[in-house]
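Coming up is one lone chain in structure tokens, specifically the form predicted on its own.
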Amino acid sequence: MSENNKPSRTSPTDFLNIIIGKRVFVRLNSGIDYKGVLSCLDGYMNIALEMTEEYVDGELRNRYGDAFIRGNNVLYISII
């Protein structure tokens, strides 16, 4: 919190720039989840992940070195 006891606000763009290089959780519209290190992303939310794990129904299904996810498939992204 800031001096005025108001929570600090971060724009979505600022948040995405902060999490580059960090481990993230990505949920797709299909319900499939990916965990990996966010390598880069663009304005369309196209995502590049490194050391990626794919989860289906909460169960680890695959491991990939690099994965590229098209932005229109992304439901949300969060830091873990």
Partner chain sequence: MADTTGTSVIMEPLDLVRLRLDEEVYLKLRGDRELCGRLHAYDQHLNMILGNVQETITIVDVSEQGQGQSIHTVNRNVPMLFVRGDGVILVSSPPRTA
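Positions refer to the first chain, counted from 1. Owing to the predicted nature of the structure, the values given are computational and were not obtained by experimental measurement.
Quick note: we don't show the form predicted together with its partner chain, though the next part is all about it.
Though the partner is left out of this view, residue 28 does reach within 4.5 Å of its partner chain in the predicted complex, counting heavy atoms only. Remark: residue 68 counts among the residues lining its partner chain in the predicted complex, judged by a heavy atom distance of 4.5 Å or less.
Interface membership of residue 72, defined by any non-hydrogen atom within 4.5 Å of its partner chain in the predicted complex, is confirmed.
Its partner chain in the predicted complex is not approached by residue 51, whose heavy atoms all lie more than 4.5 angstroms from it. Within 4.5 Å of its partner chain in the predicted complex, a heavy atom is found for not a single one of 37, 60 and 76. Residues 28, 32, 34, 40, 41, 42, 46, 47, 48 are the members of 10-48 with a non-hydrogen atom no more than 4.5 angstroms from its partner chain in the predicted complex.
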